[in-house]
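Take a look at this single chain in structure tokens; it is the form predicted alone.
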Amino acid sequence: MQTARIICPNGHLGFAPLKPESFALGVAAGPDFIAADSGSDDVGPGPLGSDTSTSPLAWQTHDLEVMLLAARARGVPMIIGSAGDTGSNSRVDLYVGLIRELARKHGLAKFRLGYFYSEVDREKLRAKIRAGDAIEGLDGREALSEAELDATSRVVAMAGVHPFMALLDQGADVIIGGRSSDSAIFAAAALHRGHAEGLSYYLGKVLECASFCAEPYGGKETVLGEIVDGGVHVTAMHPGQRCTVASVAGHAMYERANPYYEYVAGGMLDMSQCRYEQISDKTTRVTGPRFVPAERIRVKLEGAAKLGERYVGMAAVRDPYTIAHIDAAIGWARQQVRDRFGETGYELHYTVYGRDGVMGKLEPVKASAHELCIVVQGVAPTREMAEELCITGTRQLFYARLPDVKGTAGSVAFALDEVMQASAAYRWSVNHTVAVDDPMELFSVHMSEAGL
């Protein structure tokens, strides 16, 4: 059986640049694959709905360039999943184009460039709904309706290992993937080398966020994972970091509703029987993960619907009396907006930082700070309405008439005189799973060449 030594330099390629020093140490360790995830729904629905990236192009290009040059110098595959933050078709095309440009820039010899798309035609989903094949909701959502599908701007399916393995089987030297399960990007490489499913998926789980599985904390540092004698070994490359039993086990629980289970297209990684052992100062060994195949493959879908154009205003409060009555001040401003725009057809949001701006109703500490920052968001069908809505909702805080206030001067200060245009507002409209008979049904795979 071939080895499966994989280095991951960045848990979200392009979100912040990888650190070249630890990456160089990882390359020197002799990996069989260089891989990274480049996407996340943590960035919210906006990038998917607007079909843009939240990561700067320069940072994405930097990471792709560093990884590509190292992979071609070593002659090992480079694998990227969830291209450009969202894994939409345009983001895959962006990365494929960047790889071609970088190959020309550095005069790289020809290599096989594979890629796959993850966007799903809404009519295909509509046909499934009409055929009675329910597209089941996650996290308490109802099954996807045609009305909600119509409101959705764009849908991507989350690939499992299957399109990555198909391209590796075709001899791809570089793979650019559409939206993908984080662990599948790495598990596919290990499965391609003939390793067991449980170990392969655990290897993917521990590598997906790079140095998040190491301590002390350090973002964007490279880690090395490999399967050795029936176990997964994970090693921190940064000289000051270690992969410890605590850090590796802790990461296994990261972003889990249940700390033991990781679901992917085709089954579930069961980590409940994992055993962790510190085998060297920088390396932890993990044994015991199991993969439980699903009776029927279900693929996760993500989709975003546009709410409207958006403007943002900011106001600061230092007056103790206004702070004590901040809800009344906000209520005054809301009423002025209702008087101008009516009750419906827009959204107006107030976030009070210094009281419960981060956790909202879940905030256990009920006391307010001695000063507050209020962020106002106005969302409306047109840019002009959103701007006026936000101006009204922000400025009227200044004019709020509160009980016992005798003077006419306002007790709110504005960070800026104007309100600021922001990106359009979107919501997650699709967070569902769809059943498929073929795990490749929603993904189209392509092979091409790059280089000179």
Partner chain sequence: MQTLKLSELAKTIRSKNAGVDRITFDIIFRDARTYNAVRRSGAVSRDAVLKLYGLPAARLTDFVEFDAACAIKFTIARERPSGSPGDPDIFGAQQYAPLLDVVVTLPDNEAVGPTG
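Residue numbers count along the first chain shown, from 1. A quick note: this is a predicted structure, and the numbers were derived from the prediction, not measured.
Form predicted in complex with its partner chain: not shown, discussed below.
- Proximity to its partner chain in the predicted complex, defined as a heavy atom within 4.5 Å, holds among 328, 143, 279, 253 only for 253.
- Residue-level contacts in the predicted complex: of 316, 228, 127, 138, one residue has a heavy atom within 4.5 Å of its partner chain, and it is 138.
- Per the 4.5 Å heavy atom criterion, its partner chain in the predicted complex is contacted by stretch 355 to 363, the sole one of 355 to 363, 78 to 86, 127 to 135, 156 to 164.
- Heavy atoms of residue 42 reach within 4.5 Å of its partner chain in the predicted complex, making it an interface residue.
- For the chain shown alone, residue 33 is not a contact residue for its partner chain in the predicted complex, no non-hydrogen atom being within 4.5 angstroms.
- Residue 425 belongs to the set of residues with a heavy atom inside 4.5 Å of its partner chain in the predicted complex.
- Within 4.5 Å of any heavy atom of its partner chain in the predicted complex lies no heavy atom of residue 367.
- Using a 4.5 Å heavy atom cutoff, 215, 307 and 377 all lie near its partner chain in the predicted complex.
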